[in-house]
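In structure tokens, the next block holds one chain alone, the form predicted alone.
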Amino acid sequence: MKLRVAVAVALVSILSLSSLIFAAEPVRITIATGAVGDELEKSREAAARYMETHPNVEITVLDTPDMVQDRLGLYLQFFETRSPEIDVYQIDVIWPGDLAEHFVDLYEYGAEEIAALHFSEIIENNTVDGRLVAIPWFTDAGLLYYRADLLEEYGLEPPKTWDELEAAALKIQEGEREKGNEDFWGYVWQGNAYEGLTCNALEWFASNGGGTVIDSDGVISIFNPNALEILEKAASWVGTISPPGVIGFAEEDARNMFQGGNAAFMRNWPYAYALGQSKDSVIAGKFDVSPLPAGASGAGAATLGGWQLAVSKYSPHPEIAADVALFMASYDEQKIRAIEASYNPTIMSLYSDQEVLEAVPFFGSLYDVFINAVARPSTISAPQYNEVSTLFFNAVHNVLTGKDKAANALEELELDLHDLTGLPIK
């Protein structure tokens, strides 16, 4: 009799617990992500896959501004109020040092078991005071896109120097306009006053032996002859081989012009490849990618980019939020994103995955570009990198728009950087 009572009590307890579980309100997780190219769509697809196996979790994927500075400003508003509204943030590779205090340590939520799968440099970048504040999601490096069909038609090779790019862009531009396309331009890139211009200009300077704004040893070195030379060259592109409006272009503006068949060359990130090869693209099968051109240094330079997933310290459900973040950055999810949207994985073994290489061949041929990309001076200038970058891209933009001369802009920039950071001038 006592046994029956005990069994009955146990069954009641189990049933009661089960009813509580199934009656409980679903856990709601909100992710702040980007919308450049296919980012938003792919993030929502990944969230849907997670929810298929976690029916008690509801994930909302928010669209945030494309411009990096605008997105950072939005994030800071949430952090200042310790808002619980966002659980997972997509953060730029340049932000871990500045924003670390707002994120949990993912090592406490299982990341230690998978960290070694990712590029060690990115894990190191995302580690602050021994805490892994973000899991790598995808990496980036600047690339040169070119119309392979037009290069063949005009008897040209992919340019290896900026001088060769100028000559090829002008020749193709003149030829296409003679054929009736008055909207055709030789070269499009990101010239608006935002972080994208910092990336472009850093590539120009580094490729021409002009340094990296602030050297890795903490010395400001932006005002030098090689930097002046390449900045003046870039300014000369505006209105000649690049449209006057390029000074207002971000990534999608450049991609839309190139993918619309109205440009011979484009500087952009890897995400543009899959979109350019899509069924509705007029240039599908007609373009290819190569490293960016070289200047006086003799070697091209690609700015290191990429995005991570970080879990807010103010999330009411950090365990589940961390599980969502680690799922979205997992091997299988990165493979899907690589194949379907040409997002560069941060998991090393995916660069030898045959399905990935078949979908995006340049992941193999340009592997060295990605692992040797030039870092922005975000670590050496933390926590003031955003101000450093803003001073930099505004100075460059003033030269591109003709508001200032290159020599004056860079000399003043050097002094401004010294006043801001206290770092020495070379």
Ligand code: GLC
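Worth saying up front: this structure is predicted, and the values here are computed from it rather than measured. All residue numbers are counted from 1 along the displayed sequence.
Only in words, not in the display: the form predicted together with the ligand, which the text now covers.
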Are all three of His118, Glu333 and Leu350 close to the ligand in the model of the complex, meaning a heavy atom of each within 4.5 Å?
no
Does Pro293 reach the ligand in the model of the complex if we count a contact as any heavy atom within 4.5 Å?
no
If you check in the model of the complex, is Val399 within 4.5 Å of the ligand, heavy atoms only?
no
Would Ile241 show up as a contact with the ligand in the model of the complex if we use heavy atoms at 4.5 Å?
no
Within a 4.5 Å heavy atom cut-off, is Gly196 in contact with the ligand in the model of the complex?
yes
Could you tell me which one of Gly186, Gly305, Pro318, Pro159 places a heavy atom within 4.5 Å of the ligand in the model of the complex?
Gly305
Looking at Leu275, Val93, Leu99, Leu165 here, can you tell me which has any non-hydrogen atom within 4.5 angstroms of the ligand in the model of the complex?
Val93
Of these, 187 to 195, 108 to 116, 215 to 223, 73 to 81, which stretch puts a heavy atom within 4.5 angstroms of the ligand in the model of the complex?
187 to 195
Within 4.5 Å of the ligand in the model of the complex, counting any non-hydrogen atom, which residues from 235 to 268 show up?
Glu251
